[in-house]
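Next up: the same protein chain in two forms, each one alone, written as structure tokens (structure 1, then structure 2).
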Structure 1
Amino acid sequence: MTDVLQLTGISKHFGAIEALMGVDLAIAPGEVVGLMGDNGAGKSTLCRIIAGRFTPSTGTVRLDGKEMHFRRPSEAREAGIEMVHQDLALCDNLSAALNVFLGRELTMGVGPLRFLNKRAMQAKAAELFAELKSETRPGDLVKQMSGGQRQAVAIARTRLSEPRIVLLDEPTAAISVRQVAEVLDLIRRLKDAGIAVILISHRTPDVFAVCERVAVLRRGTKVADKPIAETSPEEVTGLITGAVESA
């Protein structure tokens, strides 16, 4: 078995709402899977379950064949799962650099006397923003940033560790054409490094540009999961809207 991540029979309900019903999904290392579906189809919910933000109502999450029960996002992160949340999860009152390092701050000092190493965090954040070709300045407050700059901050976070899996929940929703190209490039670099990526997107061209497989959710059920080479944007659009029943 080579899959790094394996979901079986994942269901999630919020009270009476059935957000997910019996979803299976598997990903191999270095594989990029596009996850598509209409608003409310359950894409974010599925990724949040993988990232430990929600626990599934039923079903199992396996990492390298081992069943995982994350109780909080930091546990999933420690297991090598990074996620860019759809709402970006930023603290507006802090600088870009501190947001990147939030929860994983660099410190210096001896023993229990430890102080934030802001200089190192600024330098590293500047490096990451440069890598993303983003104009984001590490010292700026997130409050004052554009949508694209905020997204760059959220994406930069995933570059702090050596993750196994990166989940991107609409990472290109608010950014310019040039920056979309950078994010797609980043995804290819993650792939080359053997990292598995799930890309949630409403933009069919992006999915067809970087993904080798596409999975489609419709009202909580997976209605398709096939190689990009064997499908077309038209079919995928039909699957999302329900014009095509399943594939």
Structure 2
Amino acid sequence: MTDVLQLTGISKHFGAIEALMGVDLAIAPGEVVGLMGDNGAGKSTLCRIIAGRFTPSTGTVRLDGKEMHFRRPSEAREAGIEMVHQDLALCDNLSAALNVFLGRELTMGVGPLRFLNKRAMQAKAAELFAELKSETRPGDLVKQMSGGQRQAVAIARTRLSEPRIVLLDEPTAAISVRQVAEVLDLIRRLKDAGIAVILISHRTPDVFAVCERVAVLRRGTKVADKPIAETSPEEVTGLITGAVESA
């Protein structure tokens, strides 16, 4: 299967600080890749480059073999790349449906007189939650939701643009065991829809539960990129800490 995303020789410098050094990474449609590493390893920087928030100092980003030069996140989104940040960027005082459509609201009216089409947004949000097999209800306020339901809202929001690649930054951090299971199921739904997923996580059990491959960064360098079936949690932990040099 042809890779949907190919990163070649990606480096990123912030002044004298080298955040990434010559990182290669590829992902196919419907593949889930775990991206692991200690704090400061370069995981979020790499994903922000993919999502158009940063431009690489050197290296190339290709979609379907075509070199891309994203200058802003909106360009990456138009190309089919969505990122769910760890803070989720949800508005607690709004409903699930309004959060799904935040910044992309559906309106109705005549000429300059436009009104929010809440009924259409609720219907579409309900459809997206059904596709994700989430129990989240469109009319519920986000402030009343569990961590797993909040993730469902954030992931449903990525589905509005029919993305090809979704980047998830620590989606299972600070939530209960039951909610972790819900989020992992959401990731499986994205995979079933043929969407490529990059999962940034510190949680080795989660990566081994849903990913086909794991890539490990240490101090800005990729030290491993291998199938889950060919590694172990112990080896990955060693790669993250430096007890294992590379694999």
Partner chain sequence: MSHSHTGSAGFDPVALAARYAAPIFLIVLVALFALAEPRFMHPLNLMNILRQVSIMGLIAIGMTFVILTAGIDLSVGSIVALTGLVAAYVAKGGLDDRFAIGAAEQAGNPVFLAILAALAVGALCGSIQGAAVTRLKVPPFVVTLGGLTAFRGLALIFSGGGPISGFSPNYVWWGQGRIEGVPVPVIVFVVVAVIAHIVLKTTRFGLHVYATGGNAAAAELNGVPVRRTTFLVYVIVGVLSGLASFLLSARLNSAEAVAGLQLELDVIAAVVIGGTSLFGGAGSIFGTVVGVLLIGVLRNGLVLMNVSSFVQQILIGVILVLAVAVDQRAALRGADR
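We call the rigid core the largest set of C-alpha positions that still match within 1.5 Å between the two forms. Being a predicted model, the structure only gives us computed values, none of them experimental. Structure 1 provides the reference sequence; residues are numbered from 1 along it.
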Tell me which of the two structures is the form predicted alone, please. 2
One rigid part pivots relative to another between structure 1 and structure 2; at which of Met83, Leu217, Arg213, Val183 is the hinge? Met83
Fill in the domain rotation here: degrees turned by the smaller rigid part against the larger between structure 1 and structure 2. 24
Relative to the superposed core, what is the Cα shift for Asp140 between structure 1 and structure 2, in Å? 8.0
What Cα shift, in Å, does Val153 show between structure 1 and structure 2 once the core is superposed? 4.5
